[in-house]
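Okay, here we've got a single chain as structure tokens, the form predicted on its own, with questions on binding and movement later.
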Amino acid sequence: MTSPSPDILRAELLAADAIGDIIEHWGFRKVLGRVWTVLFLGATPTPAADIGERLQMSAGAVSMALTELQRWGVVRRVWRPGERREFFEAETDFWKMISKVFDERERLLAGSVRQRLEEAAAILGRARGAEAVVALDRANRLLAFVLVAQTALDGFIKSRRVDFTRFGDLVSFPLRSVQRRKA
């Protein structure tokens, strides 16, 4: 494979660090965002060795990151006829990626929160006194909020999409705004 030009490489590394920061903020390892971004920006599937070279990472670190990214369904292995090396490409459908994470992480958390709030409400329902009445009311309000959030989350996961049509084109609008500022 040919190496990207210095300008492309510099831009790729800036983008990889930016996405790595976002991914890290969401509780994942920064390296996952960096590896995914290199693949996402690439025009063709990329071998692991090239990813490591671009990001200055060891083969082991790249391999572990690719394995985890494949588990999350945001990177896939691609077979290339006549090649012995493994090539990888990024999932490019943002909603597909986000819904997978929501399905595996947020749904689990929502279920745990719901269970604990239900238990807290049951305990408060058996308690006596004015404080217990206030606490039970507030625990039930928290539980109602979690149930609404859980229903919305489940709907999002099942539909694998979010309808933003009422908000206009949320992807093109910011891009047009940035392009106007540069002009």
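Quick note: we count residues from 1 along the sequence shown, nothing fancier. Please read all numbers here as calculations on a predicted model, not as lab measurements.
Below, we refer to the form predicted together with the DNA, which is not included among the displayed structures.
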Mind telling me which stretch in 110-118, 140-148, 62-70, 37-45 gets its heavy atoms within 4.5 Å of the DNA in the predicted bound form?
62-70
Taking 4.5 Å between heavy atoms as the contact cutoff, choose which of Lys96, Arg77, Arg105, Arg80 touches the DNA in the predicted bound form.
Arg77
Should Leu124 be classed as touching the DNA in the predicted bound form when contacts are defined as heavy atoms within 4.5 Å?
no
With a 4.5 Å heavy atom cut-off, would you call Glu86 a contact of the DNA in the predicted bound form?
yes
Since only the chain is shown here, I'm wondering whether Val31 would be in contact with the DNA in the predicted bound form (any heavy atom pair within 4.5 Å).
yes
